[in-house]
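One chain comes next, on its own, written as structure tokens: the form predicted alone.
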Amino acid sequence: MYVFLHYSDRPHYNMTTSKNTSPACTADFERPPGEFFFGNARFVNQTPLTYSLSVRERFGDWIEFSAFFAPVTVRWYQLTHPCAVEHVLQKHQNRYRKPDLFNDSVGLMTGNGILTSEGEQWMHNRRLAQPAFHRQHISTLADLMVGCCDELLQKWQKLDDGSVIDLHKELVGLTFNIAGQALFGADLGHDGTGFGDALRDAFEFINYKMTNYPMTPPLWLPLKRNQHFKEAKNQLDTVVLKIIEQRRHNNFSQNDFLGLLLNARDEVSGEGMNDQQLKDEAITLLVAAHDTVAAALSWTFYLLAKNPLEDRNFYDEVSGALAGQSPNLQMMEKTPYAKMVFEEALRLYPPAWGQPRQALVDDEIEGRHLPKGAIISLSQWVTHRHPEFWDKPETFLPERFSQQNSASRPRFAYFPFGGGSRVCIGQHMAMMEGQIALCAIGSRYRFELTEEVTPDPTFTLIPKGGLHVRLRRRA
């Protein structure tokens, strides 16, 4: 569910029932017609991708939705013009925060890490985590990524040409392996702890909470679904805390993310992270690092399978650059088209397909008044298809991301990793991992779709029901 249809009894988050009364306001929001009582809520819940796109096409970039829940009329806003995105995410980001829908749901699994914390706590967490994501450290992970890709390719080598696989499931396994080794120096999928299964179970529960927020029963109720999540969460916490305890006890220094976080000190207070903070950040990074990259790679291979000419251009470049060898960091500079392919896939199918925000104060954007407490939808899915900034927006055209073409677009016409101070901390790692895996796999295999694929926007944008393809070895 992507509609942020809720209100809170916390004083500074109460939704407003008043219409725009700001004297400075010179324009108004468009209001798409809705159903009696439910307003626009049912349309947004049932078909969020198609509905959000269609209302932008019909009513423009400044839209107000509503639904009536006696005695309150709940309103939320869809802003899709790049100038509005820049206003909220960067220029005036201090006026906005992530809403309870996101923080309350995701926080059940990730705790109070950099993904869900706010204010001073978030700034403290970010300062401690930032050194682990410097480009210099990220570049040292290239060989690890290549090695994990080689393991996957060796497994596929045992399959017959034309074998059908769920490519998305295979890529989730790949990125989970990379994330586990980069974070903990361990293959968490085969460590005998059941960590991978517990993570998947917990993630499914978070999807459920996001989809049905705020109508889900409280976690303290002894329901089967709640108990199952608690068991999975306890398993995650136990494994991560045990690894942290071993590292502290043995004073073992390792150049993975956990090692860097253990040694991190706040430049202001001089304090490091306690075990609870380390656990929250580790689980946050593990979730964010594997799920989104797997989704991005899945959509990239899907688009190449549907576009033979672009696939041939991609393969010609990569096969020439690799000359039969595995990828490396230097190879990335020789494969600009592969990078453009990945960026174009992120445009059409952004894993984080929407970003919610809530106004902390009354604000005005392009003469339009946003009341304090307003829930705002910034949709990559819609803005990345804005016809004012993207010619033939539904067409797969990697050349859009040539240096010349990219320079002519507004910065926030494309924001797959968000923006401002809360831009995805792992964006450079994701881009490097995506390009390495794309080249390693795409140089050896191409894929034939066995069925049409539709996107599932429940949380991360993934292929609904998986991505079933036939493996075809390259010549």
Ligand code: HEM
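Start at 1 and count along the sequence shown; that's the residue number. Just so it is clear, the model here is predicted, and its values are computed rather than measured.
Below, we refer to the form predicted together with the ligand, which is not included among the displayed structures.
**Student:** Using a 4.5 Å heavy atom cut-off, which residue among P398, G373, P351, G111 comes into contact with the ligand in the model of the complex?
**Tutor:** After the contact test, the surviving option is P351.
**Student:** Among I244, A288, I206, I365, which has any heavy atom within 4.5 Å of the ligand in the model of the complex?
**Tutor:** Contact residue from the list: A288.
**Student:** Counting only heavy atoms and a 4.5 Å cutoff, which of 150 to 158, 291 to 299, 79 to 87, 266 to 274 contacts the ligand in the model of the complex?
**Tutor:** After filtering at 4.5 Å, what remains is 291 to 299.
**Student:** Closest heavy atom of H386 to the ligand in the model of the complex, within 4.5 Å or not?
**Tutor:** Output for H386 is no: heavy atoms all beyond 4.5 Å of the ligand.
**Student:** Is there a heavy atom of T284 lying 4.5 Å or less from a heavy atom of the ligand in the model of the complex?
**Tutor:** Judged by the heavy-atom cut-off of 4.5 Å, T284 is in contact with the ligand in the model of the complex.
**Student:** Answer with yes or no whether C439 is in contact with the ligand in the model of the complex, where contact means some heavy atom within 4.5 Å.
**Tutor:** Close contact is absent here: in the model of the complex, C439 is far from the ligand, nothing within 4.5 Å, heavy atoms only.
**Student:** Is it the case that L346, even though its partner is missing from this view, gets within 4.5 Å of the ligand in the model of the complex, heavy atoms only?
**Tutor:** Yes, L346 is a contact residue.
**Student:** Identify whether the ligand in the model of the complex is within 4.5 Å of every residue in the set R31, Y51 and V382, based on non-hydrogen atoms.
**Tutor:** Checked in the model of the complex: no contact with the ligand for any of the three.
**Student:** Relative to the ligand in the model of the complex, which residues of 397 to 419 have a heavy atom no more than 4.5 Å away?
**Tutor:** Heavy-atom contacts to the ligand in the model of the complex: P416, F417, G418.
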